[in-house]
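Shown below, as structure tokens, is a lone chain in the form predicted alone; questions about how it binds or moves come after it.
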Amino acid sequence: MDNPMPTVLVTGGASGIGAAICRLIVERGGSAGIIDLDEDKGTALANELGENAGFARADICDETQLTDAYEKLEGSLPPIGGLVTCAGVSPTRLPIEDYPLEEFRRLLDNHASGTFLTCKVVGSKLTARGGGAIVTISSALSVRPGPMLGYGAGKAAVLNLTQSLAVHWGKQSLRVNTIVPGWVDTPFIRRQEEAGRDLSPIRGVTPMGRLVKPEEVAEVAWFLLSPAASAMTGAAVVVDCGVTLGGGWLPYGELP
């Protein structure tokens, strides 16, 4: 990404982490191409961000839709130089004995196959134009186990895929890194809290005692997209307020 302020495509860009990334990109002088299934939210965010943003509806598991979205945004925004893959589906928390195979496949397919297809479509375009930067979104569950089996397996696949693509595209000036967020304060989490879920156990096992803000993930994504990270590829940057480390203390008692 030679130009520090090119167009960055963001899947799942209509809400949560994706929306925070789109806002930051435009705030700092770049352009954001929002790709999402939610047409109402995506259009509203594009309108909010103005002429430096555009929206295209696409299912990340449909190669034709992704290609069409790329072409639509390419035709209405400055040259595309980056990609962030934020699109995902909500996890299911069930023991394996009660976990339907269809649900496991749905989660695995969305995160693993969806990230694969998005990187395939956009990455091939970026290499043809001389390179750029891709940031995928993995999860703390990719490096620490948890009860969300399909989601965790999918996010672990994202991490491994990122590292493989970093090697594959290394000599073509296309850097590929991943962010490993912990518990992020998104509308999904807030809806769970409104429905009665107690979030205090999460804060209790997090050394910093709080959730990650979407804007904090966006700042790291901006860095990885920028020339400041020009020597970084295949990196997994943990942004989790320490939750993946805190588990090492728990067998010995409470966190300090």
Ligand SMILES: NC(=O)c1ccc[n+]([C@@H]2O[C@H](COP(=O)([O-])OP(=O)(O)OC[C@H]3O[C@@H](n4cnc5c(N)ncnc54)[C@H](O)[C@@H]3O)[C@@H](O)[C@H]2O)c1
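Note that residue numbering follows the sequence shown and begins at 1. Quantities reported herein were computed from a predicted structural model and do not represent experimental measurements.
What follows is about the form predicted in complex with this ligand, which we do not show.
Asker: Sort through 73 to 81, 159 to 167, 119 to 127, 179 to 187 and report the only stretch with a non-hydrogen atom within 4.5 Å of this ligand in the predicted bound form.
Answerer: Heavy-atom contact with the partner occurs in 179 to 187.
Asker: Is G152 one of the residues lying within 4.5 Å of this ligand in the predicted bound form, judged by heavy atom distances?
Answerer: Answer no; every heavy atom of G152 is more than 4.5 Å from this ligand in the predicted bound form.
Asker: In the predicted bound form, is there a heavy atom of this ligand that lies within 4.5 Å of any heavy atom of E63, even though the partner is absent here?
Answerer: No, no contact at 4.5 Å.
Asker: Hey, in the predicted bound form, does A58 get a heavy atom within 4.5 angstroms of this ligand?
Answerer: Result yes; A58 sits at the interface with this ligand in the predicted bound form.
Asker: Please run the contact check for A44 against this ligand in the predicted bound form: heavy atoms, 4.5 angstroms, yes or no?
Answerer: No.
Asker: Listed by sequence position, which residues of 114 to 132 have a non-hydrogen atom within 4.5 angstroms of this ligand in the predicted bound form?
Answerer: Read in sequence order, no residue approaches this ligand (within 4.5 Å, in the predicted bound form).
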